[in-house]
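As a starting point, one isolated chain is supplied in structure tokens, in the form predicted alone.
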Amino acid sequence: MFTELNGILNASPESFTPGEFILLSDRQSDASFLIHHFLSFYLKARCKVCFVALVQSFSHYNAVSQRLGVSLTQAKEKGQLTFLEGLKESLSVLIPQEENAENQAMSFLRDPAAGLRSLYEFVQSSVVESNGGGGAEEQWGPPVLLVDDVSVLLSLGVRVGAVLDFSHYCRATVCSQLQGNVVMLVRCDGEAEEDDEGSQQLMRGLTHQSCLTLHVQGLPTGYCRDIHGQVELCWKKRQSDGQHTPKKVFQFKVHDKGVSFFARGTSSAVL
């Protein structure tokens, strides 16, 4: 969790807006640090987290989270974190061994054109379960879904419409029904004009569904050792709000255990 980013978003583990769909995206840069931020943020907020990890292993996320003061292993043991390791589960689907409930979430790999119902049902069971009667179990806050990253689904042969349906149903269940939050990462490769039609449709569709977007990109001037890129934040106007918050752009530098944010042109590297 990055304290400076919390200040920019006006949020903290003790106080954040429920019912939000947050979209993270990147182009010619890497927005992975934002996924790590929100993962540690919501775990520290004592939310029940469902993490669909499609690009990295559990060990990777756990190693980074430990540098941010959070243990994913302990969160899993306590029942706070449900972690779907897409790489491992995909292997069990493509090279079947014993049929078990764990790999049903990725069963769409057998027929990507059939849609993502199995993945949605996995998410639904994970988040609805967190709101059930707890008995002697620990009580957690509102459910949170994180997906890293939805672009992978296109590479696996899933249709854009099916991915957008999946995000829509997740938003309806987690944000609207359960008043939790959804955070998804989508990657845009190369220049904007080089995107294929599917990637453009996915980006437009997810942006339309989102309440807040954070778009990470490289510097327009090219590589800089002391500035790793810039992030554009855009809040969507809510019907109940009287004002529209304009876009904000910050430059950033990633450190081993955190990220520094600063207004454009105010980094010590350019002063």
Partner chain sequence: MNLRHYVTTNMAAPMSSVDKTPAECLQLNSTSFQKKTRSKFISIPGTRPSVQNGQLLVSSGVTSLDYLLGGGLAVGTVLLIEEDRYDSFSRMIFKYFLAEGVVCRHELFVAAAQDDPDDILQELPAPILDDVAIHRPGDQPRMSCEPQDTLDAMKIAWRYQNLPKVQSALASSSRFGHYYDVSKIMEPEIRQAAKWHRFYHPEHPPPSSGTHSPKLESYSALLKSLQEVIQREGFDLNAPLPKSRNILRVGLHSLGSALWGDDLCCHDNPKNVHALTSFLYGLRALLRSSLSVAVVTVPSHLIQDRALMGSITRLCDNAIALESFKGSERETNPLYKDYHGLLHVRQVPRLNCLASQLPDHKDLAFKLKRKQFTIERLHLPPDLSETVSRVGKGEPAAAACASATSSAKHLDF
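Positions refer to the first chain, counted from 1. The structure presented is a predicted model; accordingly, all values stated were derived computationally and were not measured.
Beyond the structure shown, there is the form predicted in complex with its partner chain, which is absent from this document and is the topic of what follows.
Looking at its partner chain in the model of the complex, residues Val64, Leu91 and Leu154 each place a heavy atom within 4.5 Å of it.
With the partner removed from view, the residue among Thr213, Gln230, Ser32, Gln209 that has a non-hydrogen atom within 4.5 Å of its partner chain in the model of the complex turns out to be Ser32. The partner is absent here, but in the model of the complex a heavy atom of Leu68, alone among Cys47, Cys234, Met203, Leu68, sits within 4.5 Å of its partner chain.
For the chain shown alone, Arg110 is a contact residue for its partner chain in the model of the complex, at least one non-hydrogen atom being within 4.5 angstroms. Contact annotation: Gln56 falls within 4.5 Å of its partner chain in the model of the complex, judged by heavy atom distances. Taking the partner from the other structure, its partner chain in the model of the complex has no heavy atom within 4.5 Å of any heavy atom of Ala11. Taking non-hydrogen atoms only, Pro246 never approaches its partner chain to within 4.5 angstroms in the model of the complex.
Residues within 4.5 angstroms of its partner chain in the model of the complex, judged by any non-hydrogen atom, belong to 110 to 118 and to none of the other stretches in 164 to 172, 74 to 82, 139 to 147, 110 to 118.
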